[in-house]
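One chain follows as structure tokens, the form predicted alone.
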Amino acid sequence: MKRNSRLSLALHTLGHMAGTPTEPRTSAEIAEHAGTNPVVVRRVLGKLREAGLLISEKGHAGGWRLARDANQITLADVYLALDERLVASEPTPEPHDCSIEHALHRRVADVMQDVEQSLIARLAQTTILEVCKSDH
């Protein structure tokens, strides 16, 4: 699942955290495991913290931990926390006088919104814990 690297990083990290939920993970540890930079990790996990999915603790024994049970965190929670969309929306068209073009853009935007809502609904049906259990 490399299409959206932030989403991949978030899901991968949460999956590992679900296995040992009380063990804090540092940004450096996560970055090394994921093959990325700790700054990238902090940005992604910061969004998850803002959404109430993670907590972070400073200090020698600090790090990132799940804010709630992995069976209470859905894939949709993670997707929405990152505030990104996998379904590309049409950019706002430049003003034209063509009624067909206006109708086309409105219809495509409606379809894309329906697809996005369907995606979120499907993601909401699976928790992080379910993904981790299905892998073992």
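Note that this is a predicted model, so its numbers are computed, not measured. Residue numbers here begin at 1 and follow the sequence given.
The protein also exists as the form predicted together with the DNA; that form is not presented, and the subsequent description refers to it.
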- prompt: Does the 4.5 Å heavy atom contact test between L66 and the DNA in the predicted bound form come out positive?
  reply: no
message: Although the partner isn't part of this model, could you tell me whether V39 comes within 4.5 Å of the DNA in the predicted bound form, counting any heavy atom of the residue?
response: yes
message: Within 4.5 Å, heavy atoms only: does Q72 come near the DNA in the predicted bound form?
response: no
- prompt: Is R85 close enough to touch the DNA in the predicted bound form, meaning at least one heavy atom pair within 4.5 Å?
  reply: no
- prompt: With the partner left out here, if you bring back the DNA in the predicted bound form, are H12, H33 and T126 all within 4.5 Å of it by some heavy atom?
  reply: no
query: Going through 52-71 from first to last, which residues have a non-hydrogen atom within 4.5 Å of the DNA in the predicted bound form?
result: S56, E57, K58, G59, H60, G62, G63, W64
